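Have a look below at one chain only, the form predicted alone, in structure tokens format.
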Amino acid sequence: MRLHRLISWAGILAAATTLAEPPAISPEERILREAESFQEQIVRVVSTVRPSSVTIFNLVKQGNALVARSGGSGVILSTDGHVLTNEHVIKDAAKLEVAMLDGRKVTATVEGHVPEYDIALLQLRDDKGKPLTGLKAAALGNTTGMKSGDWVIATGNPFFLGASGRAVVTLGVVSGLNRIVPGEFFYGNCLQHDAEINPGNSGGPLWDDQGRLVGINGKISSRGGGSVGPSSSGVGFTIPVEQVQNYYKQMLLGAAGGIQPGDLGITVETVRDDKGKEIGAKITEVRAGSPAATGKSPLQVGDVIECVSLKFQSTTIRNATDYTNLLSLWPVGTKLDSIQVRREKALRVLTGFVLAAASKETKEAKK
């Protein structure tokens, strides 16, 4: 009798266990569920970041009136109305107006800018000219751990489709890192991605898949013109958030004429070993009177820069691009901890360098 009861209870428990187990799903169903989950996550992120994305109108005088000549996008960096955008979005404006998600349209003044690197900081103001408060600031991320293939989201005002203040959303992936894009506005250390950005997206934010700000969209690569100018080819370039952070405090001080990027006053080219491996940035010119020439231990033509230590972080310099990208992140007055160079096969660690105003001649890094 006892054995019979044990067998009965065993059968009941087995049946209960079977009922508790979730039914097996096919690989196709699993993929579909994961896609739906990802879609829901993107929708949540967009809802979170949209209040921090704004539309900017560049107004110019036309007779006695002010008219919108051009426009762009921006991102709110602080609850008291600081907005980040591109220099080329606000250039030569007689007045700046900003439209927000809640429908408000307010004025903005230029707080500070880094003209060469296409960065500008605005202050939103109320009807009485006082700083606007109570805004939703972007959560800051970083590009340090980003990889090609990571998802990114762009929000902005392409072709004035976000004129009401409700940002247009596009989705893509990181295509490349640490790009150098020269031109009127120099982009160093920038991200390349394929989230579609078009005229009007300039100055707008790029977000990671968690809704953190990783950069400011500014340039596209395009072969076409058309009636509205160049448009997206899937190759967009973004100023990294780290560069903005390094200049932020100085922009708040509103330096007259804009903030100057830092420079050592040297020209470099990539050097390789006998097997073709990149081993550093070789100095081909040291300009007279520059920090490189007047430091405690001056740099010399022929020195190969292998490492730069700055703010207690060491960066390996494998080529000229690494050097240019590192320096593009830092403003005038930044003190380097040390520079490690190889001089006539001997390794030297040199100190005492403070970055001065950048020379455009150094921006065309040779590869």
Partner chain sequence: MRRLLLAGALLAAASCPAAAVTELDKEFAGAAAQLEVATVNVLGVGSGEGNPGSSGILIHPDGWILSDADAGLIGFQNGPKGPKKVYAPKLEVRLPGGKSFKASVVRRNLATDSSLIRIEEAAGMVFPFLRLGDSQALRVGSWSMLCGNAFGLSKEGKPSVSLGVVAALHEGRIVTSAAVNPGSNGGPCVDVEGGLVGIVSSWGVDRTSPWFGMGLITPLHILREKYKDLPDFAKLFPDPRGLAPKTRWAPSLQEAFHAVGRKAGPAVGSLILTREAGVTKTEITKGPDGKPQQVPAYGGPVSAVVWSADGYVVTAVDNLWAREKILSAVLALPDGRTFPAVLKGRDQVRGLALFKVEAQDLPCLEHADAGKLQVGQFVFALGNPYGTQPPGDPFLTFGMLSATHQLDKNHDAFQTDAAMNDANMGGALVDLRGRLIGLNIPVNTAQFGRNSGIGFSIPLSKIEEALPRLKEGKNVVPGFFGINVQPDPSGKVVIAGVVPGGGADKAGVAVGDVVVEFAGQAIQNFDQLRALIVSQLAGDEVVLKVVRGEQELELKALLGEGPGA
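Positions refer to the first chain, counted from 1. All figures in this text were calculated on a predicted structure; none of them were measured in a lab.
Separately, the form predicted together with the partner chain exists; it is not shown, and the next lines address it.
Discussion item. Can you tell me which of 244-252, 74-82, 124-132, 145-153 lies within 4.5 Å of the partner chain in the model of the complex, counting heavy atoms only?
Written reply: Stretch 145-153 is the one.
Worksheet entry | Heavy atom of residue 321 within 4.5 Å of the partner chain in the model of the complex | Contact check for residue 321: yes, within 4.5 Å of the partner chain in the model of the complex.
Worksheet item: Would residue 89 count as touching the partner chain in the model of the complex under a 4.5 Å heavy atom rule?
Response: Outside the cut-off, so no.
Worksheet item: So in the model of the complex, does residue 189 come within 4.5 Å of the partner chain, heavy atom to heavy atom?
Response: No, residue 189 sits far enough from the partner chain in the model of the complex that none of its heavy atoms falls within 4.5 Å.
Discussion item. Is it the case that residue 262, even though its partner is missing from this view, gets within 4.5 Å of the partner chain in the model of the complex, heavy atoms only?
Written reply: No.
Fill in: Position in contact with the partner chain when the complex is considered in the model of the complex, options 239, 292, 96, 167, heavy atoms within 4.5 Å
After the contact test, the surviving option is 167.
Discussion item. Give me the residue from 286, 137, 174, 271 that has a heavy atom within 4.5 Å of the partner chain in the model of the complex.
Written reply: Contact with the partner chain in the model of the complex is made by 174 alone.
Worksheet item: Judged by heavy atom distances of 4.5 Å or less, which residues of 33-50 approach the partner chain in the model of the complex?
Response: Sequence-ordered list: 33, 34, 35, 36, 37, 38, 39, 41, 42, 43, 46, 50.
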